[in-house]
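A lone chain, given as structure tokens: the form predicted on its own.
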Amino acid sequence: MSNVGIVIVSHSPLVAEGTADMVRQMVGDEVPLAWCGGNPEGGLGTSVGAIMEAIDRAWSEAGVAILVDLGGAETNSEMAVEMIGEPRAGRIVICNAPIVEGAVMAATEASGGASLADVVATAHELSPA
């Protein structure tokens, strides 16, 4: 059985890459992992196309949890999931959790074979009330 994939979406490519590096160091290659950040011109921002590509790279039949940093990343992630369409869209969840802590905790949970719902719940436990 495959583990849930993790996608990290940040307005900064350095933040996204650094978060992915932390996840890799914590859980190794147990979890499908991808990241994207920045706009196509190299500045701060996010790109729907880049998010779709990251989802493809981290795809798992167990599902994919997406961690985002700011509202624009969430909006573009929602558009990317819509464009991917069913049946895969039903197995992709955008987590409202701190991006670094959420990604590390979600990946740790996923590395043990947890379900998508459990991975998302673990990330959401870190959200402020």
Partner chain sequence: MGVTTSAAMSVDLSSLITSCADTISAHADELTALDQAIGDGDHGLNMKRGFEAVRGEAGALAGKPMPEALKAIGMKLVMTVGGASGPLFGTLFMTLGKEWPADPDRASLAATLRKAIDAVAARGKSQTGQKTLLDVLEPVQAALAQGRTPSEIAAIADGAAEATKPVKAIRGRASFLGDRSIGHVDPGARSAALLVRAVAQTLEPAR
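Bear in mind that the values here come from a model prediction, so they are computed numbers and not experimental data. Positions refer to the first chain, counted from 1.
Below: the form predicted together with the partner chain, not depicted.
Run the contact test on T46, L70 and N76 with a 4.5 Å heavy atom cut-off to the partner chain in the predicted bound form and return yes or no.
-> Yes, each of T46, L70 and N76 comes within 4.5 Å of the partner chain in the predicted bound form.
In terms of non-hydrogen atoms within 4.5 angstroms, which of the given stretches 100-108, 25-33, 55-63, 77-85 touches the partner chain in the predicted bound form?
-> Selected stretch: 77-85.
Taking heavy atoms and a 4.5 Å cut-off, does N96 contact the partner chain in the predicted bound form?
-> No, N96 stays farther than 4.5 Å from the partner chain in the predicted bound form.
Is G90 close to the partner chain in the predicted bound form, meaning a heavy atom pair under 4.5 Å apart or at it?
-> Outside the cut-off, so no.
Going by heavy atoms, what in 31-45 lies within 4.5 angstroms of the partner chain in the predicted bound form?
-> Read in sequence order, the residues that approach the partner chain (within 4.5 Å, in the predicted bound form) are N39, P40, E41, L44, G45.
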